[in-house]
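Below, in structure tokens: the form predicted on its own, a single chain.
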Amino acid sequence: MPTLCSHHLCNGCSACAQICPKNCISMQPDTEGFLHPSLDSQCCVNCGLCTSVCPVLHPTDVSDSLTGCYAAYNTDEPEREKASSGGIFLLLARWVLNHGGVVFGAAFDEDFTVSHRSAETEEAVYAFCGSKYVQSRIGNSYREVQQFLQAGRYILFTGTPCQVLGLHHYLGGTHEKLLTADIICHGVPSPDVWERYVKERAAKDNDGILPKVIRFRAKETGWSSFSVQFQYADTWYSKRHYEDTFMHGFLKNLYLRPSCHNCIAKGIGRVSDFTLADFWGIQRIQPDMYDNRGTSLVLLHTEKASAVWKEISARIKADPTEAETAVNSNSAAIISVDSHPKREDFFARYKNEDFEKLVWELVPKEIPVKPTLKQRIRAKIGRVFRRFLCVLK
């Protein structure tokens, strides 16, 4: 039988499942809810393709050299408002669509599970906007990307660094019309934990009826102190990220995938063309680029990325920055987070106990530093200004 990646190192990229010519590998949830490859040995022909495309078993050497590094944001304020950070993704997606291409990204399903899908219109691309702090189901996305490339179409594939790495291994390298964009990733929480939280939240807020919209990164309270929102038909739930239970446990590393604590995709060098992320610390490093409405850190890894960046730059306010300086305030780019010491305790109990009570018991709430009067006034003015722009648009 072929050798698959060990359970604790597997990042769930799904390359092995999609490369299998007999479809005898499927991605199945483990006891913690993370997807792992499951092999049906009865139909396996031992071709070895699954082993050959595994990015863990066959690490990729990449250069740390960049073709560009910027603090940036989209100058279209309504588009920037839709984004978690500076709204650069929409500009990349529009460039690909205008060239007859297809965009792949993570979107909420009807039950707010998260899966990768394709989009060929700008309206469909909006489903990919905004952060989704849960590991998406890749499905057949890699196969679909390959089919579109073979048909001569441009592709923009966005995902976590390990997902982009999985696609790179599946395709066997780069392609002329393929653009990839990854993120600076803190880690991916268990999909099962997220699904249970959504149901528990709905039970407490809305008699068990699921929300119409969920936003992990609502900016009404400012980009730096974003809120988690569940919008129901007649009511809504909104908490700052340090007050929401799921975000609190996520940021404290309580229920991340084991491989996230030893991530093979960390580093300034990436196989992707672009890395898009929040530029945390921008107010100290380049204060002229900070207005608390979202500033992106953009790393350009290839000449192809630089060429596209030049074409979309008319819609971007950008300021070059030093990668080393930027990464110092965004250490998740190069350093894996530590596992929380009570992680095993959480997973032993979460299926049978109240989620909120369990998280706050294991990871007590910290008292945040309140924003200054000047910061509150600036945030209020920003909200009024953004609403005014939206009305004009």
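Note that residue numbering follows the sequence shown and begins at 1. Bear in mind that the values here come from a model prediction, so they are computed numbers and not experimental data.
What comes next is about the form predicted together with a small molecule, which is not displayed.
Select, from the options 205-213, 129-137, 315-323, 237-245, the stretch whose residues sit within 4.5 angstroms of the small molecule in the predicted bound form by heavy atom distance. Stretch with heavy atoms near the partner: 129-137.
If the criterion is a non-hydrogen atom within 4.5 angstroms, does every one of Val102, Val271 and Trp309 touch the small molecule in the predicted bound form? Negative, none of the three is within 4.5 Å.
Let me know the one among Leu254, Cys185, Val193, Leu178 whose heavy atoms come within 4.5 Å of the small molecule in the predicted bound form, would you? Here the answer is residue option Cys185.
Heavy atom within 4.5 Å of the small molecule in the predicted bound form: which of Lys304, His261, Arg217, Arg153? It is Arg217 that has a heavy atom within 4.5 Å of the partner.
Would you please decide whether Thr160 lies within 4.5 angstroms of the small molecule in the predicted bound form, comparing each non-hydrogen atom pair? Contact with the small molecule, yes.
So in the predicted bound form, is the small molecule close enough to Cys69 to count as touching (4.5 Å, heavy atoms)? Answer no; every heavy atom of Cys69 is more than 4.5 Å from the small molecule in the predicted bound form.
Close approach of Leu149 to the small molecule in the predicted bound form, 4.5 Å, heavy atom: Although the small molecule is absent here, Leu149 would stay clear of it in the predicted bound form, with no heavy atoms inside 4.5 Å.
At 4.5 Å between heavy atoms, is His116 in contact with the small molecule in the predicted bound form? Contact with the small molecule, yes.
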